[in-house]
Every structure is written in structure tokens, then in C-alpha cells.
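First, one chain by itself: the form predicted alone, in C-alpha cells.
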């Protein structure tokens, strides 16, 4: 199997919400749910320790995911600590974005020289498309959260998966941009991601096929630098993992300290095929 070198550790991810979530989406590649404790939430002290490690290694930006990050009772304090060191992005399902929280997030953003970005997940541009995947009533609640962000002066990125073909069409995007504009977002932002055939999604639509593996000759121009594992690592309560996708895969864990995880990683998991073929990068 080919191996990707860590060109530089630019991006550090935190599984800050563990695998605990207030939704149980049918396509979740790490099967997050209200009862999944495979990974537990990170504490402020644990994040601060990793931030110190990251500073010594020249990390440039920080991402927070879960589970649902805002279930973590220390999440806002974690963001305040992070924004003293670098830009932060939170991947959230949007259900906990009440008006008060959004105002506090806007205050954090305004008080830092670094940027704070919010990415809110959906899986359809209507309740009829979204809710069978993410849960009854979730579309309405997410739209309310997006409106609260807009009222606070924050412009989130809305992320959708290709679980519905409409999500990637120009017509579908146009309808959704119109909806977001009506919620107060003058310049709506949208990111479309492929699904990974892991966890709940593997049960829903099937696991990877045997042929979905990478070979050395697949590298564009002889390099794997287009993959996010060439410049990122993921921290959970159980150690350091190569990327945000493989946190439930034993081979994805590559050390305890960030400084011990700088060696090349062998691309021997079929999820690596998805990242390569679809050009997946959660950073951009």
C-alpha cells in the first residue's frame, strides 16, 4: 500500500464531543448517537495540553467535531482558549445554536485576532429530504439555529452530503441559497461532501467493495499531498489518530503525543480511496 508523508502539521482536529450526539444520523460514518461512548468528550484541560503540544509543532489552525461539540459543557471555554492561539472551526449539527449561544460566539469571534468559523450539517435542502436521515424536526431546528447565527452577525458554512443527488445539482443549490438568504445570510456558503461507507452508512447502503483501495500508481504527479492526512492529525480522549475519518479504525491510531505521530501513514483503508477519488478535504 502507498504511504503519505506528513509534509507539515498544519491542522489539528479535536474529537471534542466524543461520539456522543443528540442525533443518530443514518449515514454517520462513526455511528454517533446519544448512547455511543466509543470516544468520550475532551475536557478543557485536555485541549489546553494538546494546544501546547501543537504550538511547539507549528500548527496553524484547529477544528472541533464530534459527536456534537456543543454538548460538551466546556465548549465555549475551549474555543476561547483556542482563539488565543489560532483560528478555530466548529462542525455542528446546529440544534444547540440558540440566540444566547450565538451572541456569545460572536463575542468570542470579535474579541480574537483569529477567525471563528461554524459549519452546520444538513442532508437535504428540505425537511422532507433531510429529516428521514437526521431525525424528525431536525431541519426546522437547524434553520432556526442558522437564523440565530445570522442575527448575531455570523455567516456559517452549510455542509451537505451527496446522499441525495439533488444536493450536488445547480438547481438544488439555487433553491437552498434562496432559503438561506431568506434567513438573513447575505452571502450563503455551501460545501458538498461525499459519504464514507463506514459505521451507520455501511449498514444503510453497504460497505466498501474489495476494489476500492489505493495503489502507488494512483498518486497524482507522484504525490499524495492532496490528502488531508499529509498535513493534519486528530486528537481524541484515547490518543492521536491520523485523520477525522478513521477514529473508529484501530489502524487509525498512531500515537499518544503529537510529536510521536509525524511518520508516514500507509493508505491501506478503503476510506482513503474516497478521500482520493472525491478530493475530500474538510479544511476548505
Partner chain sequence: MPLEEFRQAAAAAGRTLSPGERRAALEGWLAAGEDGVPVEGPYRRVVVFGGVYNNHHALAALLEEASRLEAEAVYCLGDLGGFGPHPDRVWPLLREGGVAIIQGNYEQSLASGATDCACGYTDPRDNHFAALSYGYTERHTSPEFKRWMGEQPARRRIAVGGRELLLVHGSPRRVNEFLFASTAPLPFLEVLVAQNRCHGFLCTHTGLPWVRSLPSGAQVANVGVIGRPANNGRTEVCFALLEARREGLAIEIRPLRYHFEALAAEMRAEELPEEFVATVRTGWWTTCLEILPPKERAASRY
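Residue numbers count along the first chain shown, from 1. Model, not experiment: these values are computed from the prediction.
Although it is not shown, the form predicted in complex with the partner chain is what the next lines describe.
- A heavy atom within 4.5 Å of the partner chain in the model of the complex is found for exactly one of 229, 247, 28, 47: 247.
- Of the heavy atoms in residue 254, some are within 4.5 Å of the partner chain in the model of the complex.
- Although the partner is absent here, residue 6 lies within 4.5 Å of the partner chain in the model of the complex, judged by heavy atoms.
- Though the partner is left out of this view, residue 81 does not reach within 4.5 Å of the partner chain in the model of the complex, counting heavy atoms only.
- Among heavy atoms of residue 38, some come within 4.5 Å of the partner chain in the model of the complex.
- Proximity to the partner chain in the model of the complex, taken as heavy atoms within 4.5 Å, picks out 110 to 118 from the listed stretches 129 to 137, 110 to 118, 209 to 217, 193 to 201.
- Interface residues of 35 to 74, taken as those with a heavy atom within 4.5 Å of the partner chain in the model of the complex (partner not displayed): 37, 38, 39, 40, 55, 56, 57, 58, 59, 60, in sequence order.
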